[in-house]
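Just one chain follows, in the form predicted on its own, and it is written as structure tokens.
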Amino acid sequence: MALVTVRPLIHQRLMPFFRLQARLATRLNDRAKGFVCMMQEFFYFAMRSFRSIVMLPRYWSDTLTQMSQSGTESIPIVLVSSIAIGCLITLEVGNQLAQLGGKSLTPRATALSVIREMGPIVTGLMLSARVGARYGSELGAMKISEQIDALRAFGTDPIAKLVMPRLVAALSMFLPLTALSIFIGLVGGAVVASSYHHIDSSVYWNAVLNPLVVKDWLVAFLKPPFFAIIITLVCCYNGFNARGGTVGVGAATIKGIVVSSCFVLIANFYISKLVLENL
């Protein structure tokens, strides 16, 4: 009799735990299905964006406008961030090497840091914040105001009209912006090396430029095209899927910036690893 009464009591007390476990399993299953569906939609979105490049002559004026907005107008933030990074790297690396008696290695360490890593990654993150936010907010506002639906109603492909010019503009402008970032970072390093570490400018530039090999430039200039693709597609996709008014536009913009910045960091690591290990 004791066993008969205890078993239903235990089962009754464990029921809330079983129900919670079932709800968590259902929610996890829904999240997994939603993620798979989202990735399918994103890859389809990316394929349509690349396929629309053949329509570039038709939207050439839009592309030029986007090149000006994403490239020329991004020069100030690239200059400020790059010169700050170049000065800081030279200052800190020089201090550490001076303690080890290797202050003469400061220019070479600065060059490798700025050219291979800091120039491209700082430019990528700055452009993810500035250009990605612009893309996401513009397309999100067009989505909730039904302008994208109006384009479809008039027989215009919104991806060819809105996404493709932004993609081409990013692919065209991110590379020169990265080159400018590297140059300004090295110039900032030269100023700090000369004024703070008392390294002659000719010695600095000889130590920076002479040991450079093709691998160093390849690592630097392979990254901007990948960063451009990641930032443009991720931010535009989130803008196209904005929901819920202005709050939804803000959420979609922030999500695009965060996700694209994370993918930029991941891509930066793997590109450096693959190039440096195979060349």
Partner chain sequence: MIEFKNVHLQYGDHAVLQGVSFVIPDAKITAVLGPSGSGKSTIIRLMLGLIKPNAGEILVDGVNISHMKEKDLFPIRKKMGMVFQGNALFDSLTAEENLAFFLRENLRLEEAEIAKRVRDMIHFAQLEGFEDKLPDTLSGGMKKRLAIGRALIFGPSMVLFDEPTVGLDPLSTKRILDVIHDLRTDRGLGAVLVTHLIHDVETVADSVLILFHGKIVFNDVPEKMQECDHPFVASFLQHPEDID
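Residue numbers count along the first chain shown, from 1. Everything numeric in this text was worked out from a predicted model, so none of it was measured.
The form predicted in complex with its partner chain is left out here; the points below concern that form.
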{"query": "The single option of I83, M126, L151, L97 touching its partner chain in the model of the complex, heavy atom within 4.5 Å", "finding": "L151"}
{"query": "Sole residue of S104, N206, S145, T72 within 4.5 Å of its partner chain in the model of the complex, by heavy atom", "finding": "S145"}
{"query": "Interface membership of K161, its partner chain in the model of the complex, 4.5 Å heavy atom rule", "finding": "yes"}
{"query": "Contact label in the model of the complex: K215 to its partner chain, heavy atom within 4.5 Å", "finding": "no"}
{"query": "Contact test in the model of the complex: Y59 vs its partner chain, heavy atoms, 4.5 Å", "finding": "yes"}
{"query": "Any non-hydrogen atom of T156 within 4.5 angstroms of its partner chain in the model of the complex", "finding": "yes"}
{"query": "Candidate stretches 84-92, 184-192, 137-145, 116-124 - the one whose heavy atoms come within 4.5 Å of its partner chain in the model of the complex", "finding": "137-145"}
{"query": "Stretch 202-241 - residues with a heavy atom within 4.5 Å of its partner chain in the model of the complex", "finding": "none"}
